[in-house]
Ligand code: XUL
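Next up is one chain by itself, shown in structure tokens, the form predicted alone.
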């Protein structure tokens, strides 16, 4: 078996003073934080698509990456097997517990659906062998129902019912293979479930189709006996003008409307949050507070670029507040942090995959330490509790219990019984407290 990353040995924790580019400075997988190891808290995964299936091409130019496992001279199935060898070598050397994949990432499409499914079954058998040998597990699987021209107008929301049926077949097979590999979750990403113009679109029709599709997915999950979590990944606009799964609140409302809220959670991507005009922190907090939090695609965008750039996370300040909300909600259940990340097109060397992931993983680890410190000190929660204390007693509790009408409240105010005075929200103080936690975590190493 060829070695694709011969210049890199196993990546290990060496501490903040290490000068080794291929070592962790913060991520110590066995370090216990709030009663669990960093490995258990973060549940890190590497995505198969950007890391191993992408050659570095974009809409303006050809691929730039040194990827010998993407070899046009090899037969498609031979190339898929070589790519999988490279992937598991990387995963093992990086020392992460999970990976994620689309069906077309690991198996080439055939001339017919039947051939594509046979290819997928062969490659899943290969994955089973690699997983047994390395101990790497599957965080989640999914199906690519957006790249092929048949999905130009969507998959579940397509105006052609035959495309709906084709997508159903593809997802049914991908779910079965995810179940076979012991996946902890199955993700649905509606890459083109939206519209580009309202002139040819019936929104209610498409929403009803999407709901019917999701109910079929739920039925298939139970037929398979799949114990994992079904996840929907919110996505605003790009590549279509409008997406039906714009953000966490939109997805939540859709699930409630169609009686699906008990069956699905969300897989939140940081870069999608910012494209929707939110912070990553906001999307996580919404999902946690509303009981739909599932998993995270860890990446970031570029403030000067409105595109989904999928860069590696590098801001502890940004990520730590999101991790805080995750910890506040009890941490991950079946989810984790998947690095849905792309190298920059000029980062051509194979070793750049290590640099990107090592830096991103250390960012998550440092963010975990900051979030844990905030939670242990009760810095934010005590101030939040004090701010809303009036709603747990007296008038506030009575209002929530339905003991006052609108007219009754008007009479109390008009009689002079109630004359509220403004109270400071202390935003700057809170920001200072968060910054101090950041500084302490950095100083502590």
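Keep in mind that this is a model prediction, so the values were computed, not measured. Residue numbers count along the first chain shown, from 1.
Unshown form predicted in complex with the ligand; subsequent notes refer to it.
For the residues 357, 192, 235, 252, the 4.5 Å heavy atom test against the ligand in the predicted bound form is passed only by 235.
Though the ligand is absent from this view, in the predicted bound form it lies within 4.5 Å of a heavy atom of just one residue from 325, 103, 340, 247, which is 340. Segments offered: 90 to 98, 279 to 287, 139 to 147, 224 to 232. Contacting the ligand in the predicted bound form at heavy atom distances within 4.5 Å is 139 to 147.
Annotated contacts: 13, 40 and 362 are all free of the ligand in the predicted bound form [non-hydrogen atom within 4.5 angstroms]. For the chain shown alone, residue 49 is a contact residue for the ligand in the predicted bound form, at least one non-hydrogen atom being within 4.5 angstroms. Residues 269, 272 of 265 to 282 are found to place at least one heavy atom within 4.5 Å of the ligand in the predicted bound form.
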